[in-house]
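Here's a solo chain for you in structure tokens, the form predicted alone.
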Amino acid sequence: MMTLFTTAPFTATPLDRPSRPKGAPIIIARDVCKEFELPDGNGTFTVLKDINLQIHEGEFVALLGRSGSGKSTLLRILAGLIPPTSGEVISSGQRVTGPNPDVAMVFQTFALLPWLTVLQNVELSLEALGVPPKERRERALKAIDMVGLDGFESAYPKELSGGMKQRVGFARAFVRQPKVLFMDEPFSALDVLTAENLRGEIAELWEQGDFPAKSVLLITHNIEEAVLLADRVIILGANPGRVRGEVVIDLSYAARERSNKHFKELVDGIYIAMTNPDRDVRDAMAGVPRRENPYPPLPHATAGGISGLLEVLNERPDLRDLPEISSTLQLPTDELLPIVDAAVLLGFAVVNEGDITLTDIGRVFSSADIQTSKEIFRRQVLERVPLIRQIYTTLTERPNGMIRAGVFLDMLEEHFPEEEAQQQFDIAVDWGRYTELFEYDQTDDRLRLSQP
């Protein structure tokens, strides 16, 4: 199975934005309307009316609408391919009056040139930008590798399956390193299994922070697809197209499975909104309980790894740039970032524009003796990690100071898939042992308070 993966990331890598927080708006649509002239001078037809929306840095947005809602027309207006009849589009602070340089697009129909090879198709957009041939080739090869087509550089489109053709489409967009990637129903022309595979790989890239764009705007009519991928779903009405409302997807990516109860509730709520065009979206979603995971996901980092990184940073205050840290420590990106995220979660460090800096408590922790550092770590996890606080509180309330581990695994599986629930439990045990809060005995599958 092909996977979207690269060992040579673009400039816009997870090292540049390790936590990918929602930032300032990149694209803003203000009162956008679009009308088309009817034949023989018979007036105009309004496709879009009074569209107002924003795409922020660090968010994955889905535009969901039925036929006639003007989804693709709106996408082309935001991309600067067609002008609005009235209103305006602002991108990176500038009014869009032509092709939007902040945007790259992936189309439904692949749109590959059949007489060009995979490599030439991917290079084409860079050639149009005047990128020198050597750089153009290097960037195109990285993009092709990223979408799992390494070895197919010389193949022609007729030699590729539908899924492989769409991967070329993604590579052609990725190579631009856009601020916002636009996807116009990119999976709808694929068979079910291929679409599911490619959709999952895109979600994984986004979740891990490996995506070569700061934000994504997806056009779709597939409700499940929108809930699987997006942070925010904007629902459009039809005839004319207008924004009816939006739904925030309050599920971690780890919990976005069709068997998840809250996933089903979100899909059902949006379905109700879509099939009742005159109903307020908020009213349609009112029956969907708002649920926040009481146990935010813990980064996959050991206490030893966190401590080791902080000690290095304390000894090398000049070492702040995350890519440089990765290179200096010879630590792959996907291993470094969870450690960084954990240090930030525990209040030992802050990250700003790709630089990591120790906080006051982080400096004290990294220079303290072992016992003092454990006490500091213990205080931080009890204050900042609800899962560990819950385990510790439960154990202290038990007369014998112990409880079956399955109690907490069952609890975690209400919010995470089974494998991720186990990983979250293992991380909590590692941090709990390091801080001497509790122990875990695999022989009898029980958690116990640590002995003083």
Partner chain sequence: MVRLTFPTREALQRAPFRWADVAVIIGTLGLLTLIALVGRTAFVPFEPPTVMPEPISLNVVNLPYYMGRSLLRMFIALLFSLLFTFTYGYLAAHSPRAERVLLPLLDILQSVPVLGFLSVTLSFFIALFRGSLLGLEAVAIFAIFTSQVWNMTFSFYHSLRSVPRELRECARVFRLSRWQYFTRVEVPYAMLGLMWNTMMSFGGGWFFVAASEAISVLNQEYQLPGIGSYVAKAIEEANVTAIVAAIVAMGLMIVTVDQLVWRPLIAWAQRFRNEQTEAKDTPNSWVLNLLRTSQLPKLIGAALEPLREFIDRLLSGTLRPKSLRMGKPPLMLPVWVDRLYDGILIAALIGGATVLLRFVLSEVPLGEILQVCGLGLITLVRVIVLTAISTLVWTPIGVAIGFNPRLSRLLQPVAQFLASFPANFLFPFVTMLLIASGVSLDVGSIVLMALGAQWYVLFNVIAGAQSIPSDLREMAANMRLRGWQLWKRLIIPGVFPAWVTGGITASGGAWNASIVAEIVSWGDVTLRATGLGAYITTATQNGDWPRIVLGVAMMSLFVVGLNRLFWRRLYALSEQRYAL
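Here the structure is a predicted model, which means the values were calculated and not measured. Residue numbers count along the first chain shown, from 1.
Keep in mind the form predicted in complex with the partner chain is missing from the figure; the text below concerns it.
> Which of these residues, 296, 308, 83, 323, gets a heavy atom within 4.5 Å of the partner chain in the predicted complex?
It is 83.
> May I ask you to choose, among 329, 90, 155, 364, the residue with a heavy atom within 4.5 Å of the partner chain in the predicted complex?
Of the listed residues, the single hit is 155.
> Specify the contacting stretch among 253-261, 122-130, 200-208, 366-374, defined as having any heavy atom within 4.5 Å of the partner chain in the predicted complex.
In short, 122-130.
> Does any heavy atom of residue 115 come within 4.5 Å of a heavy atom of the partner chain in the predicted complex?
Contact check for residue 115: yes, within 4.5 Å of the partner chain in the predicted complex.
> Considering non-hydrogen atoms and a 4.5 Å limit, does the partner chain approach residue 111 in the predicted complex?
Taking the distances in the predicted complex, the answer for residue 111 is yes, it comes within 4.5 Å of the partner chain.
> Mark residue 356 yes when one of its heavy atoms lies within 4.5 Å of a heavy atom of the partner chain in the predicted complex, and no otherwise.
Heavy-atom contact with the partner chain at 4.5 Å: absent for residue 356.
> Taking the partner chain as it sits in the predicted complex, is residue 229 in contact with it (heavy atom to heavy atom, 4.5 Å or less)?
Residue-level check for residue 229: no, no contact with the partner chain.
> Counting only non-hydrogen atoms and a 4.5 Å cut-off, give the residues of 156-186 close to the partner chain in the predicted complex.
The stretch touches the partner through 156, 157, 158, 159, 160, 161, 164, 165, 172, 173, 176.
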